[in-house]
Every structure is written in structure tokens, then in C-alpha cells.
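Only one chain is included here, represented as C-alpha cells and corresponding to the form predicted on its own.
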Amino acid sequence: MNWKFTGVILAVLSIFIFACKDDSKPDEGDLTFISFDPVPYNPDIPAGWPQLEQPADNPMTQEGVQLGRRLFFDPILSLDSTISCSTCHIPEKGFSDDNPLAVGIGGAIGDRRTMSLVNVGFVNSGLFWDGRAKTLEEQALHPIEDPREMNLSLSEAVERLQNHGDYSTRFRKAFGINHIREINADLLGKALAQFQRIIIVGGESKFERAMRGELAFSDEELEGRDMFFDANLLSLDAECAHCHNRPLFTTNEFLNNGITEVERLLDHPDPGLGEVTGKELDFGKFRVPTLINWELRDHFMHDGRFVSMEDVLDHYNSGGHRPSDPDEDNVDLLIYPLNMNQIEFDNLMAFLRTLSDTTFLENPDLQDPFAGR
């Protein structure tokens, strides 16, 4: 027997067998073995409210919402895994917090107050206080990279999610990806946006129930309602509904409400919308926030300067600040001294309290999936 020849044959066979075995080794990143059969998510929108617009490339599904929910409450998206989206957007605080200015990673302080995410899915005029993000998908990614918020690069965030077995499965079920490498920032933003669109609040407030005839306003609340909506010629017009109209109690406009005393538009310490548009007439303008669930929050305005709603009403009652030069004046025309007396003031406060609705806290889809761990 030619042992040398036999050895060569065996070596060739072993290489062939090894090669075949290596080629047949499963791809550890493959996700096609996981079923993809998403179920549409139909949010409960109160009667008479506007339609909830959804991007054609990001329709809401049960799987997408649940993925976004976990990402929203998971500190994995912050640099040192200490904070999550929910750290600043606390459900019990109306998806905002009690800080005058946003507090991020390591105690970093932002320039503006944390906006409430209540009914944010209905905003179509630009997000954040200054309108710099046009869609929720875009908005959702800003805090992750912001050095004073979560301070994590999107590339690192994506890598963490790709290496997380549970998330890779959930991205497959939500978006039908075939491989973990397909998890990217675009899908991360889409998942977070889907979750934020289900934060629909206000349909069970005393105001809405009274308007449906399920209960009645008190005399004080009714008088305050008439002042708010200018619904009675015998009542003072508090000029509220022009900017905080029903059912969302915001027009989502960007306005200067005269809280900052300046003589020139360019003197505004925070340009607001003007920084985004570059237009001088937009300096000092900020998005009008919703009044729904204001009672769950402390501090008001973009810089949190007012501690209470009483402080807010004091400002509007005084007429605010208006530059002496008409050419430098972009304060809304409806900001002027209201001269409310104490009874009128108290009645308006009584009405504003009818805008609270905490029934959303019972919705399991809005609750922390990691609670109790």
C-alpha cells in the first residue's frame, strides 16, 4: 500500500469535509427563522378628535408599539445606561417631569424644559419647543445623541441593539428584517415614534365628559369655561382658546407670548423658532404646549420660569412684555392686560383643572415593561 498516496487522499477528504461543514454552519445573525406577521395597532381616539396621521412607511403595529415601548423605558440608549427616555418623560407626570429645565446624563442641565409628550402624535407643525424636527421618527433620535441628554452616538446605540438577542427578535417581528445587521437608526426612530403615537390623553377628562353630557360643570367651572372660550358676552374674555383650542388644547403654533422683556428681537436669550428658520421675526417664538394634564407637571414655559399655573395666569393677566418699537414687536396681538379680578381668576383656574385625565395610566401599553425587576 502506498501510504504517502493514502495520506494525501485523506488530507484532501478532510479539507473537503471541513469546507462543507463550515459552509453549512448557520449564520448566527440570521433572523428568518422567526415569524413575521405584524398585527395592526388601532389607537383609541376620542370622538371628534383629529385623525392620527401615520407615515406610509411606518404604520403602527402591535409589535412595533411594544418594541418602541421597551426602548422608551430602557436605559440601554444612554451612554452609561443610567437614564432612558422615560427618565424625563415620566407617565405619572404627564410624560414630562418636575424640573424647570431638562436634566440629562450625569446631571447635565439643558436650556429648556422637558416638553410633555401628551398627544404628540397629533403635532404636524414641527416638534420640540423650536420645531426643529419635522417628524416623530426624527424627533425620537435627537435626545439619544444630545450630549446633555443621553449622550450616546447612534452607531453605538445600534451596535448595542444588534448584540442584544431579545431586541434582534423584536426588530424582526416589528419590521421583518432578515438579519441583525439590518437593525439601524432608522428603525430605532420608527419604533420609538410608534410608541409615542399611542400617548393619547384627555378623552376622559371632566371637560370632555361634561361636554358629552355625562356630568355637569360646577358654577365656577362653567364661568371659567365661558371665559376660556369667550362663550358668554357677560363674561370676561380671557383670550385662552385662540392658542389652546379644543380638543387638543393647543393649536401647535409657534408664538411669542411676551414672557421675555427685550427691546430688539435679536436680544432674545433663546431665539426659539428663529434659530431654526433664521428669520428675525421668529425670534422668541416657541411651540404652544397642550394644557391637557397640566396639573401633573410643575414649572411652565419653555424655560420653566413659572412654578405654578397661577404664575402663568398672573403673566397673562398683566399683559406681559412688549417692545416699545413696533418694528421689533412680534408678541402675539392677543397678549394684553386682562384685568381679571380674584373671582374671575379663581373661576378660570377651576375650569383649567377640568382638563386633567389620568385614566391613561391604566393603559398597559403605556406602562414600564421593566417595572418590578
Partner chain sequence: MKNLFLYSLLLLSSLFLISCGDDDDNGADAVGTLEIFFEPVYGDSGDLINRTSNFDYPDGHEIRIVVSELFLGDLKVGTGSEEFILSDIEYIDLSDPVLDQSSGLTDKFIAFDNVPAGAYNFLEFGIGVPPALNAMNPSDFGSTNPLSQSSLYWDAWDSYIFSKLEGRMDLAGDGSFSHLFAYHSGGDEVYRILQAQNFPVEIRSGETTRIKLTIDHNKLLVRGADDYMDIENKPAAHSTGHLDIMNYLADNYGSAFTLQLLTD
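The structure displayed is predicted, hence computed values, not measured ones. Numbering follows the first chain given and starts at 1.
What follows is about the form predicted in complex with the partner chain, which we do not show.
- Taking the partner from elsewhere, Asp327 is found to have a heavy atom lying within 4.5 Å of the partner chain in the predicted complex.
- Proximity of Glu310 to the partner chain in the predicted complex: non-hydrogen atoms within 4.5 Å are absent; the residue sits far from the partner.
- Under a 4.5 angstroms non-hydrogen atom cutoff, the partner chain in the predicted complex has Leu334 among its neighbouring residues.
- In the predicted complex, the partner chain stays beyond 4.5 Å of every heavy atom belonging to Thr87.
- Just one of Arg212, His142, His164, Arg246 comes within 4.5 Å of the partner chain in the predicted complex, counting any heavy atom, and that one is Arg246.
- Think of it this way: in the predicted complex, the partner chain has a heavy atom of just one of Val262, Ala133, Ala241, Ala185 within 4.5 Å, and the residue is Ala241.
- Heavy atoms within 4.5 Å of the partner chain in the predicted complex map, among the stretches 51-59, 300-308, 64-72, 35-43, onto 51-59 alone.
- By the 4.5 Å heavy atom rule, the three marked residues Ser153, Val158 and Phe254 all fail to count as contacting the partner chain in the predicted complex.
- If you take 221-252 and check each residue for a heavy atom within 4.5 Å of the partner chain in the predicted complex, you get Phe229, Asp230, Ala231, Asn232, Leu233, Asp237, Glu239, Ala241, His242, Asn245, Arg246, Thr250, Thr251, in sequence order.
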